[in-house]
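Below, in structure tokens: the form predicted on its own, a single chain.
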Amino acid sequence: MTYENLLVEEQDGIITLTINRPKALNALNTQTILELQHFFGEDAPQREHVKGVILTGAGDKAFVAGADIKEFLSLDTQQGQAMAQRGQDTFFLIERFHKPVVALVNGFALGGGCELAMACHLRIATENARFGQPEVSLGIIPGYGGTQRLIQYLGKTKATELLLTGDMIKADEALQLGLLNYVLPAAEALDKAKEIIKKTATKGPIAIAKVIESINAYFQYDEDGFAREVAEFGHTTGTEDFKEGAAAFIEKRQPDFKGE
């Protein structure tokens, strides 16, 4: 696929994926969703050498300021459900990606933008970032996982308030509430995202993938997260990476993981 709304840049094994619709405040239209779906479903999984992905928005005003509301106006019930399902399926690809995905939120993350940031494994925000699910102000509800993931991160009480009022919160409050890992000046945020990915890249790649799977299992209604942890722990003990990691620990050296 030729990307129209995504910029893909790779440096030192780290991909910076930029949603590039600054005139529309990087709003998620159908084309952008399809491109994200292709990138995380087909493109990125083939790049086994990649250490992780930093997802951000073009410009300094918005990460993603929401969905493209113009596309909603002609939807009937069935079409609306199909759109929401496509968005959820795409965001699950991000959440389940086997290497770290860090959202670098550089401005407004509203509606679909907040949902997109929450689908990433980690979130770093610049000081001007704003978060919210304002869909009720338009007479609709979040459709890309917002009613579910916001509760996971904030708890039911605060998430319910934000979902019912449509209020925005600033980056410092989002940090206090547990939505963010860091709030940093714009000049430092990208370096921090790269630092985290470089650190995870020194760990066992199979172990990293299995941690992500086990964390996601905690939130799956039809799965026992503890049972999943047992299964994946057993899987990792049978790998060459574990033998190498244990030997390196005993020999007081850095491990040389092969992903095997």
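Everything numeric in this text was worked out from a predicted model, so none of it was measured. Numbering starts at 1 and runs along the sequence shown.
The form predicted together with a small molecule is left out here; the points below concern that form.
This chain is displayed alone, yet in the predicted complex one of I151, M168, C120, V183 has a heavy atom within 4.5 Å of the small molecule; that residue is M168.
The listed set K70, H235, K199, R47 contains one residue whose heavy atoms approach the small molecule in the predicted complex to within 4.5 Å, identified as K70. Figure note: of the listed segments 136-144, 121-129, 169-177, 153-161, the one touching the small molecule in the predicted complex, with heavy atoms no more than 4.5 Å away, is 136-144. By the criterion of a heavy atom within 4.5 Å, G66 is counted among the residues contacting the small molecule in the predicted complex.
Within 4.5 Å of any heavy atom of the small molecule in the predicted complex lies no heavy atom of P100.
Using a 4.5 Å cutoff between non-hydrogen atoms, I94 does not count as a contact of the small molecule in the predicted complex. Of the heavy atoms in K203, none are within 4.5 Å of the small molecule in the predicted complex.
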